[in-house]
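Starting off, we have a lone chain in the form predicted on its own, written out as structure tokens.
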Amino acid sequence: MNQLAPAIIAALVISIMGGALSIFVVLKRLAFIGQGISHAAFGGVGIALILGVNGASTPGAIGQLSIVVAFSILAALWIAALSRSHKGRTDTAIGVVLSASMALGFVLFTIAESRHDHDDHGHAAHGHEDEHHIIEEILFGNILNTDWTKASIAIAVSIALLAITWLLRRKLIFWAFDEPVIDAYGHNSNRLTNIFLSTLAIAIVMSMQIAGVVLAAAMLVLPGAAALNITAKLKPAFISAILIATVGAALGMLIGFQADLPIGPAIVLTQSIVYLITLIIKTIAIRS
């Protein structure tokens, strides 16, 4: 049980953070932002490979994660800029950035592989293994591989992002409901958009390198969508989203451990079932 403690703590911390942010994500109709940024991060992985920064050591791991985070933040800001130029069509912006970043990542990965092909056979094989390990570690993290270092980073980052969200909560709520007129009240809508999308980028990269792309993306949508199915009041919605996220994570991990299933997908399926239950409740309430 002690070996699983970091994984359990990391999952719960990510759930709390994701639950809180998911309300804004759903209200702003940014459901695909998790998929967009998580896949765009592949471009950051490609840059890390080209620069020779890998996770073989602690400094290397921090270096590669820093590069991926920085690239993901730039991708988020690019999405924000394209969304403004396309008159609010965020889905188009996400598609453009995702496609371009993924293509960049594959090109850089191919170049990094070709460099090793010029070395001796043994060194090339070792290089290929390192490159594939970096991709799997960053993009398809396994929550069961979480150690206390990763768990500590998850806790620190989550606290920082939640603190930023709490400090800006009133402005973000205003922005989420009525972005076109927020500038007239002395707030900069572009700045708020950039701050929130950058916050999401950091949250997504941290989550996916611990729990994988599927859970990182789902955690920013399902809890908020489920909570808003059962209440239209913001305070109860935030509380409900956090509870749904954490309870779903706990039940998903329990089911995964007991049934010997992948933990990340088990959590996502559990939260999906919770969402369907809240949707049924909402439908019954509307018809009655």
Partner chain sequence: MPPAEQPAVEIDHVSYTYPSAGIGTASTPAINDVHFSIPQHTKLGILGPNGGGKSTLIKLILGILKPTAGTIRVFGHTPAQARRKGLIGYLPQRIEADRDWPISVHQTIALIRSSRLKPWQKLSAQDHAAIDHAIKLVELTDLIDRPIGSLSGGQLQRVMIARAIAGNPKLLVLDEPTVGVDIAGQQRFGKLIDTLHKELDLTVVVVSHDMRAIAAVADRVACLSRTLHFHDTPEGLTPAVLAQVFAHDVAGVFGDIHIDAHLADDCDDPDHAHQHQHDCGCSSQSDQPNSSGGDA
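Numbering follows the first chain given and starts at 1. Small disclaimer: the values here were computed from a predicted structure and weren't measured.
Although not depicted, the form predicted together with the partner chain is the subject of the following passage.
Engineer: Picking from 106-114, 90-98, 207-215, 166-174, which part of the chain touches the partner chain in the predicted bound form when contact means heavy atoms within 4.5 Å?
Structural biologist: This holds for exactly one stretch, 166-174.
Engineer: May I ask you to check whether L228 falls inside a 4.5 Å heavy atom distance of the partner chain in the predicted bound form?
Structural biologist: Looking in the predicted bound form, residue contacts with the partner chain include L228, since a heavy atom lies within 4.5 Å.
Engineer: Is A259 close enough to the partner chain in the predicted bound form to count, meaning some heavy atom within 4.5 Å?
Structural biologist: No, A259 stays farther than 4.5 Å from the partner chain in the predicted bound form.
Engineer: Taking any heavy atom pair closer than or equal to 4.5 Å as contact, tell me whether W148 reaches the partner chain in the predicted bound form.
Structural biologist: So W148 does not count as contacting the partner chain.
Engineer: Looking at the partner-bound form in the predicted bound form, is R84 within 4.5 Å of the partner chain by any heavy atom?
Structural biologist: Looking in the predicted bound form, residue contacts with the partner chain do not include R84, since no heavy atom lies within 4.5 Å.
Engineer: Even though the chain is shown alone, can you say which residues of 173-198 have a heavy atom within 4.5 Å of the partner chain in the predicted bound form?
Structural biologist: Contacts from 173-198: I173, F174, A176, F177, D178, P180, V181, D183, A184, Y185, G186, H187.
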